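Shown next as C-alpha cells: one chain only, the form predicted on its own.
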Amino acid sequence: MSMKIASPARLTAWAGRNTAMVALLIVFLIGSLFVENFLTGLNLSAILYQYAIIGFLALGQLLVILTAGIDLSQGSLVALTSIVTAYMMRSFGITVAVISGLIASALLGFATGFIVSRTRIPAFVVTLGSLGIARGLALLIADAKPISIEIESFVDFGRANLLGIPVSAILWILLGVGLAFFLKNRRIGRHIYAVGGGEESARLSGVDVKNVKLLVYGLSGLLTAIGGIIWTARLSSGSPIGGTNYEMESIAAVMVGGGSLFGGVGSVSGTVVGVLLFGVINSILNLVGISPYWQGTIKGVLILAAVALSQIRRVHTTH
C-alpha cells in the first residue's frame, strides 16, 4: 500500500489558499521551540479563554463583511449587553437578565441593519452611530459606574472548564460549526455570499438583498451579545466602558483569516484560525515580556498585510 506524497506545486497552492493557517502553524512552532512555558496546558487554555470572546464577535463580523459591510459597534454592544445583564440580574435573576442582554444588543443590531439596508448611508457611518448609541445607553443605565454581580453560579459559568478546555471556547467552536453549516447548506447562507459578490447581480437572481443585510447585522448583534454575556460573567460585574476596540480585533481576525472588505469572500474556518493566530501571537508577546503597546502595533501591521493580500487576490481574480 503506497502513500501519496503531495507535490511541491500542490503544497504551494494549498499554502497560497490558506495563508492564515500557515502563519498560525509557523507562529505556534516558534512559540513551542523558543518560548518558555508556551507549550503548557495552562497557557494553551489561557489562549482559548482570552480569545473565545473575540471569537464570538468575529463570527458576527464575518457575516457582515461577507456582504461587503462592516460593524464598528461590537465593542460598545459588549458594554451594553454587560450593563443590561447586570442591571436586570439584581431584580430578576439569571434567566431574565441573560435574555434581556441578548435582546438589547440583537435589537440594536437589527436596527442598524434596517438603516443600512433601507438607505444609502454607508455601513461604516451607520455602525459608527450605533457605537455611540450603545455606549451612551450603557453609561446612562449604569450612571457611568460598574454594576456588581453577586450570583456565583453565573460567575462560575464564565470561568468554567471542561477537561481543561474553557466552556466558552467549546461554545464558540460549536457555534462556529453551526454557522459554517448554515452558510454552506442553507439558501440564506448562499444568499449572504451572493450579496457580497455583487448586490445588483444578487437582486436580479431573486435574492432579497435588503432582508439579507437586515439579518446579518441582527445576527452580528446577537453573537456579540453572547460574547458580552460571557465577558460579564468573567468580570462578575457589568462595565459601561468595557469592550473598547473589540471590534478592531474581530475585523482583524476576519481579514487575516481570508475575508475581504469587498465582500463575498471569507469562511468560518478562516475566521477561527485568524482568532487563534492573534491569540497565539498575544500569548508569545506576553511570555517574552513585550510591551502591550508593541502588541497593538504588531496587530496593526497584520491587519494592513491582510488587507493588502485581499486586494492582491481581488486583482488576480478579476484578470
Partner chain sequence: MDNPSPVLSMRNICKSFSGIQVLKAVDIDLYPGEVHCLVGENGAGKSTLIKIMSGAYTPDNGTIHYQGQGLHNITPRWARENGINTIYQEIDLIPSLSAVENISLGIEPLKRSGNIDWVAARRRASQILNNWGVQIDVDVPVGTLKVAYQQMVAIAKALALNSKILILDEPTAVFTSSEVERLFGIIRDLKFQGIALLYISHHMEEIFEIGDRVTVLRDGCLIRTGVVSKFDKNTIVKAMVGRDIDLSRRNGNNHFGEEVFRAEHLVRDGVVRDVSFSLRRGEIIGVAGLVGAGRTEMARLLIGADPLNSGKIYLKGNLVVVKSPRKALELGIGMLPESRKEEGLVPVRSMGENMAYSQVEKTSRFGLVDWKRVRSAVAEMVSAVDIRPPRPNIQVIYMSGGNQQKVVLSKLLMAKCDVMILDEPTRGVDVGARMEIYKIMQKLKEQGKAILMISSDLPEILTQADRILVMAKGCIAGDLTADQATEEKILSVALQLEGEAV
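Keep in mind it's a predicted model, so treat the numbers as computed, not measured. Residue numbers count along the first chain shown, from 1.
Keep in mind that the form predicted in complex with its partner chain is missing from the display, and what follows is about it.
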Please pick, from 176, 158, 146, 197, the one residue with any non-hydrogen atom lying within 4.5 angstroms of its partner chain in the predicted bound form. 197
Here the chain is shown alone; which of 171, 207, 248, 215 has a heavy atom within 4.5 Å of its partner chain in the predicted bound form? 207
Contact stretch among 197-205, 158-166, 138-146, 76-84 - heavy atom within 4.5 Å of its partner chain in the predicted bound form: 197-205
Can you check whether residue 154 is within 4.5 Å of its partner chain in the predicted bound form, heavy atom basis? no
Although its partner chain is absent from this view, report whether residue 27 comes within 4.5 Å of it in the predicted bound form, heavy atoms only. no
Spell out, yes or no, whether the shortest heavy atom distance between residue 193 and its partner chain in the predicted bound form is within 4.5 Å. yes
Could you tell me if residue 181 has a non-hydrogen atom within 4.5 Å of its partner chain in the predicted bound form? yes
Which residues in 259-292 have a heavy atom within 4.5 Å of its partner chain in the predicted bound form? 264, 265
